[in-house]
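One chain is shown next in structure tokens, namely the form predicted alone.
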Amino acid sequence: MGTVEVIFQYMPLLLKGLRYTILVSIEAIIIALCIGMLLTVVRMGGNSLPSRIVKTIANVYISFVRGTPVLVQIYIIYQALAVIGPNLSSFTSGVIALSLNSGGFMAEIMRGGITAIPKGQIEAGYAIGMSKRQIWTRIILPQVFRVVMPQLTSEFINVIKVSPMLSVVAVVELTRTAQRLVNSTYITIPFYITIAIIYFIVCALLEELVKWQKRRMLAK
């Protein structure tokens, strides 16, 4: 049996690995979005001592996430969860690791979106008696998501590109699946080229989505 035939024979397993890659990336990006929003709210807090302490912690967290290798963060989180004691699967640990990493980048994306909102709108909200929660839910967040949607999609692409690193903690996503097939068939380069093409197709489609979102924003 030729190499091409072997690749097609195992293609269902590779597509199953791709499904796990997309699944872990989607779950991670949703959690990361929540983390980014929380960090953004915290960093916009007042000037009281507790607020300054919390803002400092948030800034240190963001700097650590953006300034250290993702692989090191995955190892730290995976081992830390094992020491703490919860019986979490490798998949769950991988989602947590990716979401904590992406959350720091999400915070910067959200902050950039908030700076694009005219301060007069927020002041007008306070002037008509809106609470802080109402201002966030009715004025800030709807506009922020519209402005940063292309950046959020780009971050989702980055999460997909980083997800192969989860293979080091036994998450059976696309890259881990390919590694297993290489070990069982002793066919190396064709399998890795195949998954590279799969990653390229997925990311290229998402990049086209980013371009469409930007064109839509410019057209408004």
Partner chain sequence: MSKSENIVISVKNLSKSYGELDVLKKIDMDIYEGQVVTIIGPSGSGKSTFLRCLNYLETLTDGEISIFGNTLVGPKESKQAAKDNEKVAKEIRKNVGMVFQQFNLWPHKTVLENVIEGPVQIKKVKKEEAIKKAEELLEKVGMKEKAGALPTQLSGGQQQRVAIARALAMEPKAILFDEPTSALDPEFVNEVLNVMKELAKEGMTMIVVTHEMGFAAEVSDRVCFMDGGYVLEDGTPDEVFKNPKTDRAKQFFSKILNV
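Numbering follows the first chain given and starts at 1. All of these numbers come straight from a predicted model, not from anything done at the bench. Note that the rigid core is defined as the largest set of C-alphas that superpose within 1.5 Å between two forms.
What comes next is about the form predicted together with the partner chain, which is not displayed.
Contact check for Gly125: a heavy atom falls within 4.5 Å of the partner chain in the predicted bound form. In the predicted bound form, no heavy atom of Ser90 sits within 4.5 Å of the partner chain. At the 4.5 Å threshold, heavy atoms of Gln143 reach the partner chain in the predicted bound form.
Using a 4.5 Å cutoff between non-hydrogen atoms, Met130 counts as a contact of the partner chain in the predicted bound form. Interface residue among Val148, Ile96, Ile139, Ile114, judged by heavy atoms within 4.5 Å of the partner chain in the predicted bound form: Ile139. Counting a residue when any of its non-hydrogen atoms is within 4.5 Å of the partner chain in the predicted bound form, there are no hits in 16 to 44.
In this overlay on the rigid core, Tyr78 has a C-alpha that sits less than 2 Å away from its partner position between the shown form and the other one. Annotation for Ile135: C-alpha shift of 2 angstroms or more between the shown form and the other one, rigid core superposed. With the core held fixed, the Cα of Val144 is displaced between the shown form and the other one by 2 Å or more.
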